[in-house]
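Take a look at the structure tokens below, where one protein chain is shown in two forms, each on its own, as structure 1 and structure 2.
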Structure 1
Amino acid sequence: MLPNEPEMSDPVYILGGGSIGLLLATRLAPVTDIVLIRRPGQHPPRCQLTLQEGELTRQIAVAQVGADALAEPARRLIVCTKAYDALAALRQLGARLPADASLLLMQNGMSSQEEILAAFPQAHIHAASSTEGAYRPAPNRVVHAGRGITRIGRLQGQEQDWAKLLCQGGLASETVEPIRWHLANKLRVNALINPLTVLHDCRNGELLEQPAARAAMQRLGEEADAVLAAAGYRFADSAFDQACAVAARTADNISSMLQDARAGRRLELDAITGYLLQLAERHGVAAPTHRALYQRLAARA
């Protein structure tokens, strides 16, 4: 083992006790030491979490600490905040986050990963692209609403077997290479579906039935294809075909962005459409439909 390399006996810290944070805390606590990092403030040293899947519920006790009260360095850390909070949440850990910590980033989109790579150049950083579905109906309760798969790959530093840990916890997971391709593949679908569901206040499948929404989706797809091709990504199908297939498969779902909009929460728009627009500018490709959509939703927020 190299000096300072995290040992498997180091606890796994989970930053952010939201839907994905509680899902991972409850699934991984039976197989490894877990410490849940909550917002700064006073927290009892342990909390009783409830994991619900279908009719089954389980109580799991997990250690927890406020982000301002960590006693030990967090050498293995899974970042489970929203994309727009991730960098600030890591920075608030200060000296309790070793420069060469091992991080797994669970965020949707692609902007927070780039910010964290730039801010922590010595950290061993992996990113995940997950299709698990979870929500948190109460502060210490998580519903595992839909089983999916979590694809994990290295962005920087040494390889760590995060996928094995998730599998031990009963979550389907695999190591993939390159993870950026998987993040971009999810981003192109999210960029076509999520903002439009907010604009039309509709379920995923309705985008296929409303002619105006479907036409917008097609324009967004052509622009996304051009931007991602200019950035070096190659896909076997078009963004429009892929998004239509996902919208049909998840026809009754309310997208995560529409759930956030309806709950009055900030949207992960910068991580998805904002990132695509950054790529468009960097590579000199026009993306007027994405820009107009971004401006409309940003103005709404």
Structure 2
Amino acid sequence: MLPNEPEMSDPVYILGGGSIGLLLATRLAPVTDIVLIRRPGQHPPRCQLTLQEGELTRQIAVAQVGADALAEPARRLIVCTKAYDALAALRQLGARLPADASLLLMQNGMSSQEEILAAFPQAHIHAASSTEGAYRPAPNRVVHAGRGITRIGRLQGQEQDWAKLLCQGGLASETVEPIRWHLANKLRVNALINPLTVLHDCRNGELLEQPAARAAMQRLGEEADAVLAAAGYRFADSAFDQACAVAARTADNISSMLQDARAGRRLELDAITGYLLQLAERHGVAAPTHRALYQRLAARA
């Protein structure tokens, strides 16, 4: 082990108490020490989280702390904030985030990862592309609405076995290379599902039951595949087929973007559709359906 390299005995800190942050906290708490980093402010040292999957409900107690009250260095950190908050949230930790910390980035889209790589050049950084379905009906309650798989790969620094940890927590996970291909694959699925669930105010599976939504998914998929092919990303199946499969598998899930819209929060539109439109402009590919959808939702974003 290199000097200052994170040890497997170090606690795993989870930055962000949204649906994915709570899902990971409840799944990993039985197998390792978990500390949930909340927004700055006063928080009890422990909180009781509720995990619901189907008819089963479990209560899990985890340690928690405000981002401004963290005492120990966060050497192993899973970043579960929104894409637009990720870099600022990490910087907020200041000296409590060691320069050579091990980070796992769980953000949607493909923009925040590049910003974090540039800001923390000595950190060991991995990114994840996950198809787990989860939503948060209450601040300390998470519903595991659809089983998926989390693919994890190294962006810079040394390999860290994050996939093994998630598997120990009962979440299907694997180490893959190159992770950017998997991030692009997740991007095209998110670009089809998330904005349309906001537009139609529906769960993932309901998109497949509405002819207008399904037709829009197909047009969005054709454009997304053309844009990503121009950027060097090619896939065996179409974005439409992939998105339909994900929507069916997570039929009861409320997409993260719809959760944000219903709560009056900012949408991750720039990290998903906005990033796809940037690629389209860079490579001279038309994406009129994505642009129209972006403009329609931009006021909420």
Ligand SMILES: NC(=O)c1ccc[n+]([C@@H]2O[C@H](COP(=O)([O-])OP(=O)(O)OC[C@H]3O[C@@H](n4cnc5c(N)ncnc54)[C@H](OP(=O)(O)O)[C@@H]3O)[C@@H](O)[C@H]2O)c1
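For the two forms, the rigid core is made up of the largest set of C-alpha atoms that agree within 1.5 Å on superposition. One-based numbering along structure 1's sequence throughout. Everything numeric here is computed off the predicted structure, so don't read it as measured data.
Assignment of forms: the chain in structure 2 is the form predicted on its own, the chain in structure 1 is not. Hinge location among Phe120, Asp68, Tyr84, His182 for the rigid parts moving between structures 1 and 2, by C-alpha fit switching from one part to the other: His182. Rigid-body analysis on C-alpha atoms gives a rotation of 19° for the smaller part relative to the larger between structures 1 and 2. For Arg265, the CA shift between structures 1 and 2 after superposing the rigid core equals 2.5 Å. Aligning the rigid core leaves the CA of Ser255 displaced by 4.8 Å between structures 1 and 2.
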